[in-house]
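Heads up, the chain below is alone and in the form predicted alone; it's given as structure tokens.
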Amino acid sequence: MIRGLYTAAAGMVTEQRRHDTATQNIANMNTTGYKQVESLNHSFPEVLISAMQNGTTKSIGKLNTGVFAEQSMSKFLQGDLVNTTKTTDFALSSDLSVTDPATGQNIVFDQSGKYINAQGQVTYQPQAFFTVQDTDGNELYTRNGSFTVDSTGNLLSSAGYKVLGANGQPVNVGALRSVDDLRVDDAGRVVNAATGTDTGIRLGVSIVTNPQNLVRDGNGVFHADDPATAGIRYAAAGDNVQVRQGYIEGSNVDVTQVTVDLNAAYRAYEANQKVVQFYDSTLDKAVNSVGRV
């Protein structure tokens, strides 16, 4: 009987985390560059139950001991682009392909941005990010291209991080007369607004081959514990990535799906709570009523 109590309690904890994830997505549905988070739940391994009688053992079935929230995964799909006309606003539009070594053809990813082959191996679609640098010199990655220019001409993210160029150094546009003269083409090159010539400055757009290896840091940025495992490199010619000046990328939160998840988590939590209350009342009877007989 107590085992069922633990199973119901595990379900309540799992649904609480699922509910928290859904509310986090709703709270950030208007956050620039925010990527939806999905909670993945798994059941504990099933165990075989056997009955022993007269020295013999007989299998009588399987027992599932509950579920647990294994991890939260970000959904790195393209968000809608919003036109702001600000010269310091940027958005990335990308659709990067991966060649299937078995067929030599480009992999067709599903709506969540992943592909599972016949052997069960999962491949995620590579994603592009702006590269920024924190005060400790660590490289971070973000899709929030709402930038500003400080008094010394450094291009900064909305969280105050320095935006890096393709050479790995902070982008400084102090040589321009004003931010209104800032012009960036689709390849991320900063060009002279008057002549249209290349200034030699290029925004550092990073390609992350395994985006699920990124760790969410808050403030709309991610970091990689192991950049080599994440497969991080700067964008090169041939990569299907465009920098769109005067636009920002909205969040990719699917409001309908998140609302369904929120209600489902609430109902599942309520159901597990009823089970706990049932066990509580049963134990109460066993201790206070049956014991007096």
Partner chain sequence: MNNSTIGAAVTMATLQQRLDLIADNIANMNTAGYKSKEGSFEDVLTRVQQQSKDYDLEGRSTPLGYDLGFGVRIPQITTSWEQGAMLETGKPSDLAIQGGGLFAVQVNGVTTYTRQGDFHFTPDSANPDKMALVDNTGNPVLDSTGNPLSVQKDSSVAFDESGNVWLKKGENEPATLAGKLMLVEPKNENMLQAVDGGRFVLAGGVTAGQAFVQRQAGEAGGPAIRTGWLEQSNVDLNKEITDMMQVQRAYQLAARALSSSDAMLGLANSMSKL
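Nothing here was measured: the structure is a model prediction, and the numbers come from that model. Residue numbers count along the first chain shown, from 1.
The form predicted together with its partner chain exists for this protein as well; it is not shown, and the discussion that follows is about that form.
message: Does any part of Q71 reach within 4.5 Å of its partner chain in the predicted bound form? Heavy atoms only, please.
response: Yes, Q71 is a contact residue.
message: Against its partner chain in the predicted bound form, would D217 count as a contact residue? Criterion: heavy atoms within 4.5 Å.
response: Yes, contact at 4.5 Å.
task: Check whether Q36 has any heavy atom within 4.5 Å of a heavy atom of its partner chain in the predicted bound form, and answer yes or no.
output: Answer no; every heavy atom of Q36 is more than 4.5 Å from its partner chain in the predicted bound form.
- prompt: Is N30 close to its partner chain in the predicted bound form, meaning a heavy atom pair under 4.5 Å apart or at it?
  reply: Yes - in the predicted bound form, heavy atoms of N30 and its partner chain come within 4.5 Å of each other.
- request: Sort through N172, S93, T123, S146 and report the residue having a heavy atom within 4.5 Å of its partner chain in the predicted bound form.
  value: Residue within 4.5 Å of the partner: S146.
- prompt: Counting only heavy atoms, which residues in 94-120 are within 4.5 Å of its partner chain in the predicted bound form?
  reply: Nothing in the stretch sits within 4.5 Å of the partner.
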